[in-house]
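Heads up, the chain below is alone and in the form predicted on its own; it's given as C-alpha cells.
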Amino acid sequence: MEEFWTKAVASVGAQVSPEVFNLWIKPLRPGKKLSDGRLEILCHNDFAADYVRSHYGTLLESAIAVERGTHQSLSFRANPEASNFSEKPSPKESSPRQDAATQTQTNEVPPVQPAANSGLMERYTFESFVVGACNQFAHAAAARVADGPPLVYNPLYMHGGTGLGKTHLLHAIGHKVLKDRPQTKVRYISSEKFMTLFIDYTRMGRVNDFKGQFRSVDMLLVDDIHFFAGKKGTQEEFFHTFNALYGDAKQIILTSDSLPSDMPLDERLRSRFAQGLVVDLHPPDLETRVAILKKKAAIEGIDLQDDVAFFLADAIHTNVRELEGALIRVFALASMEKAPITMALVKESLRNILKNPERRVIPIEEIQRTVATFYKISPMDLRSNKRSREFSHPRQIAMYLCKKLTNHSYPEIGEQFGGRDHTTVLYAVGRVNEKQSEDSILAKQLQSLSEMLSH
C-alpha cells in the first residue's frame, strides 16, 4: 500500500501547484480498507478532509487507479492524532513540480543583513516569497537573474497591480546577489526617491555626484518606474543612466504597474524597457493566498488553523499586502486579548474590513428567487432535497452566486439551502467554477444572473 500510495501522490503532485501539494496533498496518509471496499485517507482535521474530498478526491482516485490497475473509492476522515501530521516539512522537501528555483522555500526564514547603502529591506527574500501560478514565471525569472552572471534578461521588467509581490522580488534579487557575491555593488531605489535625489543634487550643483551614485553600480533595482510619467527632466536623466549601465553590461531590474507600451513615458525609455524580459504578476488564487497566510504565521511562530486561514484567504482576495495586513490585525487583537486565534476573533478583528459599502447587500432569498425564475422552478425547489438535474443544477448555481455576491460563509449559505452542510456548498462553488471555464453557455448564464442581481 505504501508503495502505490507514494507513486499516486507523486502523480498528483505533478498536476497541481507546489502550494496545493504542500498544503493539501502531502500531509495525507492512507488508512485502513473499510468494509464497503473504500480506502481511508487520513487528514489532519475535518476541514482538510472536506476540502480535499471536494477539490482533489477525483484526482487522487484516478492516480491510485493508474497505479493499482483498478478503481479504488476513497473515504476521507480526520485523524489529528497521527504523528505524521505534526511534522514540519524539511527544507529540502518539495512537490514533484518544484524546480531548483522554487525549492528554496521553507517555513524558516534565515535572517539577512542588507549591505550598507544597498537600500534593501531585510524581510523581502526568496525564502519568504510564496510561489503560485499567479507569479511562477516572474519568480523563476527573478531567481535566474539573481543567479547570474552572465546577463540573460537585461533589463528584467516586472509589472502587475499593487501588492502582488513585485517589490518583494526586487529586494529578493538584491539579497541573493549580495549573499552569493558580496563584492557586487547593488543599489535599490524607488523611482520617487530617484527623482527627489536628482532634484536635490541639481539644486546643489552636484549633478556629477548624483550620476556617480547610480552609474557605478553593478546592479540597479528601480521600483515603480511608472512614477516617472510627466517628469521630463527625471526621464532624461534616467535614460542616460540606463544607457550607461546597459553599455557597461550591468544588470537593471525594473517594476511597474503596467506594460512598457502602456506607460506615458518617452518612447526611448519604453523601447529600452521592452527590449529585455517583460513578466507579469497576477492576483494570487485561493490556494496561494492560504499558503501565504500559513507561511506568514509560521514566520511569526503562530499556529494558524486551516479553517481560519481559508476564511481569511476567501474574504480578502485583492492583493497580498491587504491579506498580510488583515493577518497582522488578527495577531494584534489576539495578543492584546491574550486569546487564541479563533473564527470569532478573526471576524471581530476584521468586521470593518469585511464590509464593502460600495457593494449592494443582496439577500440570499433574492438570489434564490432570481435563479429559480431564470430556470423556471420555485425557490422552494432550491431548498428541497430533490436531486434530479432539473433542480440540482440551479441549486449549485444559486450557491455559487451566494458565495460570489455576498459575504456569507459556506455554513451560512448551506443553512439557507435546506440546512445543507458547508461541504455541499464548497463542492457546488468549486464545480461551477470548474465548469464555466469550459462551458460557454453556462458562463453566459452566470454573467446574466450576476448582472440581474447587481442592479
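The first residue of the sequence shown is number 1, and the count goes up from there. Remember, predicted model here, so these are calculated numbers, not experimental data.
Form predicted together with adenosine-5'-diphosphate (ADP): not shown, discussed below.
The candidate spot formed by Leu156, Arg187 and Leu221 is out of contact with adenosine-5'-diphosphate (ADP) in the predicted complex: none of the three has a heavy atom within 4.5 Å.
Residue contact with adenosine-5'-diphosphate (ADP) in the predicted complex: Asn135 places a heavy atom within 4.5 Å of it. Proximity of Gly276 to adenosine-5'-diphosphate (ADP) in the predicted complex: non-hydrogen atoms within 4.5 Å are absent; the residue sits far from the partner. adenosine-5'-diphosphate (ADP) is not drawn, but in the predicted complex it has a heavy atom within 4.5 Å of Gly161.
With a 4.5 Å cutoff on heavy atoms, Gly174 does not count as touching adenosine-5'-diphosphate (ADP) in the predicted complex; it lies far away. You can rule out all but one of 268-276, 319-327, 237-245, 178-186: in the predicted complex, only 319-327 has residues with a heavy atom within 4.5 Å of adenosine-5'-diphosphate (ADP). For the options Ser128, Gln72, Ser349, Ser118, the residue carrying a heavy atom within 4.5 angstroms of adenosine-5'-diphosphate (ADP) in the predicted complex is Ser128. The contact residue chosen from Ile253, Ile225, Val371, Ile292 relative to adenosine-5'-diphosphate (ADP) in the predicted complex is Ile292, the criterion being a non-hydrogen atom within 4.5 angstroms. Residues of 162-196 that come within 4.5 Å of adenosine-5'-diphosphate (ADP) in the predicted complex, judged by any heavy atom, are Thr162, Gly163, Leu164, Gly165, Lys166, Thr167, His168 in sequence order.
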